[in-house]
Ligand SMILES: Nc1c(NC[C@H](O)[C@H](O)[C@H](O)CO)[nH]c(=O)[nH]c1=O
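In the block that follows, a single chain appears as structure tokens, in the form predicted alone.
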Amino acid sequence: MEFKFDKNGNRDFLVKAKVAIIVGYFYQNIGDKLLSAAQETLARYGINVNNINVFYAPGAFEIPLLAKKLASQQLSGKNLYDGIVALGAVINGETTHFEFICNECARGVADVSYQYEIPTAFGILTTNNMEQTIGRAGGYKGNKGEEATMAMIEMLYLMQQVDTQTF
């Protein structure tokens, strides 16, 4: 048996889902473009707009802590959020600061997924310059906000399939 999310046949998949989006707001205009694409993607799969909570972190380094706090929230013994999408941008400068921020952000977001088994998507752009960043926030390379949100949706689907499979 194969398990794969049908992008055309699951337009109401998120009807009952609750999703948190974290936006690293150091580059506000980039964060806005990534967020807009993420919200549009969630809407495409039927989420109730009231079931999307958006949190603004000062920058990429702070995103994992906020993601961990959101993932740990429970309501009646069940995870409050079905999925988390982390968005933002880190642009390479003249020092090694870029590597430290990117590595810790990526590791932290991945750790949240592993620790809480909640699909937590990494939509933080890690680029060499502003041109590359703009290109990935709705420009010539698409919008990574949409791609990260789609990854979260597909993982949510797969996690549900794993939980309910029988032989």
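In case it trips you up, residue 1 is the first one in the sequence shown, and so on. Note that this is a predicted model, so its numbers are computed, not measured.
Here the subject shifts to the form predicted together with the ligand, a form of this protein not shown in this document.
Contact between Val90 and the ligand in the model of the complex is found at the 4.5 Å heavy atom cutoff. The ligand in the model of the complex is approached by Tyr27, whose closest heavy atom lies within 4.5 angstroms of it. In the model of the complex, the ligand lies within 4.5 Å of some heavy atom of Gly59. Shown alone here, Ile101 lies within 4.5 Å of the ligand in the model of the complex, counting heavy atoms only.
Stretch-level contact check against the ligand in the model of the complex with heavy atoms at 4.5 Å: of 135-143, 114-122, 59-67, 29-37, the positive one is 59-67.
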